[in-house]
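Here's a solo chain for you in structure tokens, the form predicted alone.
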């Protein structure tokens, strides 16, 4: 699975150009280096290939999550807990291409550290469809597969998912160049402190702000509205598909296991038959082998289901990009309305006429008009506020336009990646089903031959 994904992702490498320093502050290598002064810019350029040519880290470093290990320790509440850590191995591709076989650099990470990395990327690169993590607890599984997050089979599947998560980021032309990500792969101790020192949490938009923007934005971008609807529909379709697959897997498990009863019955029958005994016994062996093969088949099928689950979680990543755009658009609209209001106040103050009801107008009628000096002072303040407001509107408009441009480049990259990945996953799933059916045909063909020899 690692090899297949890495090939697909390198094929769909796309460079995202950020034209203004404001956007670069949150995502460029230079900003990351400033936030972590222990790493020199020259070292980052050399280590992760930040040359601006659009190349990804995956072309320079081989990355794998090679094993998982259960550990016991004390949490922040000083209570005993059992948790799983994952071993990340990295090797230089250049050394491997030169025929060398260097020992990999290794470090251990908990799932919570992968979550912290992704949260940092979501905030820092809000215009990018950030790859999702594998599920924390199993869902949409067939009934014989444990949903316990400490179950060895589930931990193994999550290990594969975490490796895929790192490969997705490493293949991305922007995310792969982030210094925090590079340190995640290479610096075990103190990494979390470096992440928090970036101040990314302070930049995170609150859920309340995002929800408010969703309902109050007046001129939403049509493409993002359609994308949001598409992500909802994609999530719904894949959820239904996974539920159907789980029900089919349950029934398939039952059908296979019932074939084990054939084996038991044929074996018992063979004991009372002389001429037919050998044929019945052989047919029973074929049935037993067929019944026992279902566990491996359905575990293999679960890996294909995990590839579909990745895009179930990708749907939320798409909505995150849409919500950020709604928030930017809402802030722009509020800023523009405030500017219009101030210009109207300036006109009213200059002409001495109040076009709309206001507390100021009522006060003037009750206590008399302002003096010319007071009016001039207020006009001067308003002129300054209007000048600042016009600059702020320009800045917000440019920020919104840049976000649309940069995010849509990445969304197009994501669409191409999604089409290729889902096509491969569904074809592989179909091939597996065909193979499984052929095994069933072969079992009954063998049984037929056994019966013919009786």
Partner chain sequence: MRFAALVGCNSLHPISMENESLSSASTPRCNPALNSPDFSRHMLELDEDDDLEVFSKDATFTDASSINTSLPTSPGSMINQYRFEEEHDSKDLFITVGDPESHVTAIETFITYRIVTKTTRSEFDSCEYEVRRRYQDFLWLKGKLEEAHPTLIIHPLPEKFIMKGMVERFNDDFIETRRKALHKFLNRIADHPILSSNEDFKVFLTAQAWELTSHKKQGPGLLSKMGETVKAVAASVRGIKQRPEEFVAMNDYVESFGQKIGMMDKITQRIIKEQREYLEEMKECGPVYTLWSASEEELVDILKGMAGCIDNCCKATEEQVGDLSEGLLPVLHEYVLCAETLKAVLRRRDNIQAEYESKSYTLANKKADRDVLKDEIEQLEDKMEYANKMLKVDWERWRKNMQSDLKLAFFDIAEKNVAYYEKCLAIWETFLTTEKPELVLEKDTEDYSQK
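Residue numbers count along the first chain shown, from 1. Model, not experiment: these values are computed from the prediction.
Keep in mind the form predicted in complex with its partner chain is missing from the figure; the text below concerns it.
A.B. asks: Considering non-hydrogen atoms and a 4.5 Å limit, does its partner chain approach residue 184 in the predicted complex?
C.D. replies: Looking in the predicted complex, residue contacts with its partner chain do not include residue 184, since no heavy atom lies within 4.5 Å.
A.B. asks: Please tell me whether any heavy atom belonging to residue 259 falls inside 4.5 Å of a heavy atom of its partner chain, as the geometry stands in the predicted complex.
C.D. replies: Taking the distances in the predicted complex, the answer for residue 259 is yes, it comes within 4.5 Å of its partner chain.
A.B. asks: Should residue 422 be counted as a contact of its partner chain in the predicted complex, where contact means heavy atoms within 4.5 Å?
C.D. replies: Looking in the predicted complex, residue contacts with its partner chain include residue 422, since a heavy atom lies within 4.5 Å.
A.B. asks: May I ask you to check whether residue 386 falls inside a 4.5 Å heavy atom distance of its partner chain in the predicted complex?
C.D. replies: No, residue 386 stays farther than 4.5 Å from its partner chain in the predicted complex.
A.B. asks: To test your reading of this chain, name the stretch in 164 to 172, 332 to 340, 98 to 106, 230 to 238 whose heavy atoms come within 4.5 Å of its partner chain in the predicted complex.
C.D. replies: The contacting stretch is 230 to 238.
A.B. asks: Taking its partner chain in the predicted complex as the reference, which of 381, 93, 292, 248 has a non-hydrogen atom within 4.5 Å?
C.D. replies: Comparing distances to its partner chain in the predicted complex, the residue within 4.5 Å is 248.
A.B. asks: Within 4.5 Å of its partner chain in the predicted complex, heavy atoms considered, which of 204, 276, 85, 211?
C.D. replies: Checked against the cut-off, the match is 276.
A.B. asks: 115, 316 and 398 - do all three of these have some heavy atom no more than 4.5 Å from its partner chain in the predicted complex?
C.D. replies: No: no residue has a heavy atom within 4.5 Å of the partner.
A.B. asks: Heavy atom within 4.5 Å of its partner chain in the predicted complex: which residues of 299 to 334 qualify?
C.D. replies: 300, 303, 304, 308, in sequence order.
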